[in-house]
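One chain comes next, on its own, written as structure tokens: the form predicted on its own.
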Amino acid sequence: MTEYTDRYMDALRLKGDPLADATVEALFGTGEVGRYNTLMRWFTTSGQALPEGLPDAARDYLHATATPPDWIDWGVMEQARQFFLDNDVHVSTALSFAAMPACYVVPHVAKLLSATHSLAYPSRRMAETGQFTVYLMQPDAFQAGGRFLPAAQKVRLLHASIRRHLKEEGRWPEPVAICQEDMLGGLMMFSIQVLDALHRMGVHITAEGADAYYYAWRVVGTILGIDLGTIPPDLPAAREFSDRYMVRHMGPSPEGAHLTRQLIDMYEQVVPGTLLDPIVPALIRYLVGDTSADWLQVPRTRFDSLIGLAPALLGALEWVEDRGPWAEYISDRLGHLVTMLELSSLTRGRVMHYAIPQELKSDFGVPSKNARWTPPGPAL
């Protein structure tokens, strides 16, 4: 069994994603990023013919990553899909109010997210994550017509482009941005830390369901360029890695607090009216704990003491579901509807294309060498 020592973790910080990194370097080197982004907007499903005129580097990469790993157990993947269908609202809640704040409580991750996402559209992070997860859990995710694999291929190049930008500008203190350790850390936040949040909310989870959900994210990690040999093989190992990663890196930061404020404001806008607005920070504080919540400057509200009733309320809902197949069906359909409505609110009806950014946000200390030209002012 792998021991997650500092030496082992430090070695992971030096590694990126060679295949994706080489592809992005070629696209920037030939000035073909814009053409790639334009053509790839229309490439959305597995089995679809690649667009004519696609740069050779991108075409080679897409062919090399077009199929899922051959070691996948499809029976376990179906169990994971059923787990998500049974718990889609709960999983979405855990992703929004536990996994994302967990990202923000790691200072260098919060800084990276701040540098690579538009402040004018803060829901983009949640929209991209939500859409990606919905694509993953569709019955045809890995089949012809499925949307997951093309989205994963694009996300992998998106990560590689961010690594290149930060290295090119010399503004990143670490040797590699979005390194293997951080990709694994993110995988833990969206897998075992989501399961932790479900448990804290009082959601009944079977051991088989939890194992299948984590297995699905191991598959995702491999598809996104994480070395399979470094991905914890099971939930006990994932717990050890997750704890080690958080102890190594978690702490307060201005960027983490700012991103959390954005998250709270965004969901307060999604929920109609203002009466229930305090629930959002109360739920974050309940799921991440007081220490992390204080680091993220999550405000205390009158709902802090009431949010502990959530497990009892969810227990009542599960009791209703157990009344018969009809009740379970209605509950699942309502849950799916709520999830899709939330995703629609976050995306504002748009499809996330996971394009390669040609520059990063200059107001977070990452200037662009190719800033857009603007006409000079009128002569006096």
Partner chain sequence: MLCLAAGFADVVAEGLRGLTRRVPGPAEVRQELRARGELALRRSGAAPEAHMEVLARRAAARLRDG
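None of these values were measured; they are calculated from a predicted model. Positions refer to the first chain, counted from 1.
The same protein also exists as the form predicted in complex with its partner chain; that form is not shown, yet it is the one meant from here on.
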With a 4.5 Å heavy atom cut-off, would you call Gln193 a contact of its partner chain in the predicted bound form?
yes
Within 4.5 Å, heavy atoms only: does Lys111 come near its partner chain in the predicted bound form?
no
Does at least one non-hydrogen atom of Ala102 fall within 4.5 angstroms of its partner chain in the predicted bound form?
yes
Would Ala237 sit within 4.5 Å of its partner chain in the predicted bound form, counting heavy atoms only?
no
Heavy atom within 4.5 Å of its partner chain in the predicted bound form - residue from Gln153, Ser96, Ser292, Thr133:
Ser292
Only one of Leu228, Leu306, Ile205, Leu85 gets a heavy atom within 4.5 Å of its partner chain in the predicted bound form. Which one?
Leu306
Looking at 175 to 183, 76 to 84, 208 to 216, 243 to 251, which lies within 4.5 angstroms of its partner chain in the predicted bound form, counting heavy atoms?
243 to 251
Sequence order please: the residues of 198 to 229 with a heavy atom within 4.5 Å of its partner chain in the predicted bound form.
Arg200
